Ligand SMILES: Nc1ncnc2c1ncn2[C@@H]1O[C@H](COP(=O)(O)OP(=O)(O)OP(=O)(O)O)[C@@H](O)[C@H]1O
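Just the one chain here, laid out as structure tokens, in the form predicted alone.
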């Protein structure tokens, strides 16, 4: 899978931009604040319809403009797909081969991306909601039904929270309606939990060996955590424990006016030699842990959807020392499209530069560098 063409209109600092990309390595070089990261962000939005930057959704359209768009040609095996995301102040529309896709959840399964960037440490150091968002985005690219279950769950959850508030204010409200919502919530939760279990089972089976090869003598583990005391993630176990938790905690939920249990409260944590990395590990160890996590994801993408994702490397070479930089390169698949941003080509091995397509970025303009 690779993106052969990219076109931007009124996106960030690009009024108009058309690029032909290599199916191999593409390097965008330029000073800071010239628009390199905006290119990667546009590819991320084209794939997943949302920004890779937390809280940046309202600023995607170029200042002074009412509308913008991102479009691209995706080559996947023998298939050619034209993708487009149209942005306006109040809406977002997506198109596949010039046909409007009414549900975004039906669109995001087509193009797979994995982003390596300076904000990766948030996966370890950030708050649980950011980790849940990250987890949902990654799993949605792997298992098409997952995003539908999450969307349905969130709609039911919203209705349930509103009704809990009503029960808190009015003791004569009918609690039987809450039981109906509970049944619907549990039905979707079973599927969500099981997809998450598959995802983390694969990550856990591979990441330890990879991290040990890179770091030498440390043991890395990643653990999915739930607040229902689920252990085996069998359907019967999930239903029984979720149902019991809702019944036992009903008074507390009504009093607080919100749903306190379920997959919307899940989290996952990194451990190095059984110690939580968020507290006890150095920034360098944390960064390599997240890199290993994403390298393991590449294997999972290939085994699950039988294609490599497009890799977006946002100035990551400047974040790593030479040893770790070379280790990262060593474990990247050879037949994958890689799009790199950097301020200096000295950060990148000469052997990589020689086989790359290089673009020079300056103040919202991009030109291909021709030797």
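Just so you know, these numbers come straight off a predicted model, no measurement behind them. Numbering follows the first chain given and starts at 1.
The following text describes the form predicted in complex with this ligand, which does not appear among the structures shown.
In the model of the complex, is there a heavy atom of this ligand that lies within 4.5 Å of any heavy atom of residue 35, even though the partner is absent here?
Residue 35 belongs to the contact set for this ligand.
Requested in this report: Answer with yes or no whether residue 336 is in contact with this ligand in the model of the complex, where contact means some heavy atom within 4.5 Å.
Outcome: No, no contact at 4.5 Å.
In the model of the complex, does residue 357 come within 4.5 Å of this ligand, counting heavy atoms only?
Answer no; every heavy atom of residue 357 is more than 4.5 Å from this ligand in the model of the complex.
Applying a 4.5 Å heavy atom distance criterion, does residue 332 contact this ligand in the model of the complex?
Output for residue 332 is no: heavy atoms all beyond 4.5 Å of this ligand.
task: Could you check which residue among 308, 62, 51, 69 gets a heavy atom within 4.5 Å of this ligand in the model of the complex?
output: Selected option: 62.
Check your understanding: Among 43-51, 298-306, 27-35, 322-330, which stretch sits within 4.5 Å of this ligand in the model of the complex, heavy atoms only?
Key -> Residues of 27-35 come within 4.5 Å of the partner.
Counting only heavy atoms, which residues in 1-27 are within 4.5 Å of this ligand in the model of the complex? Going through 1-27 in order - heavy atoms within 4.5 Å of this ligand in the model of the complex - the hits are 12, 13.
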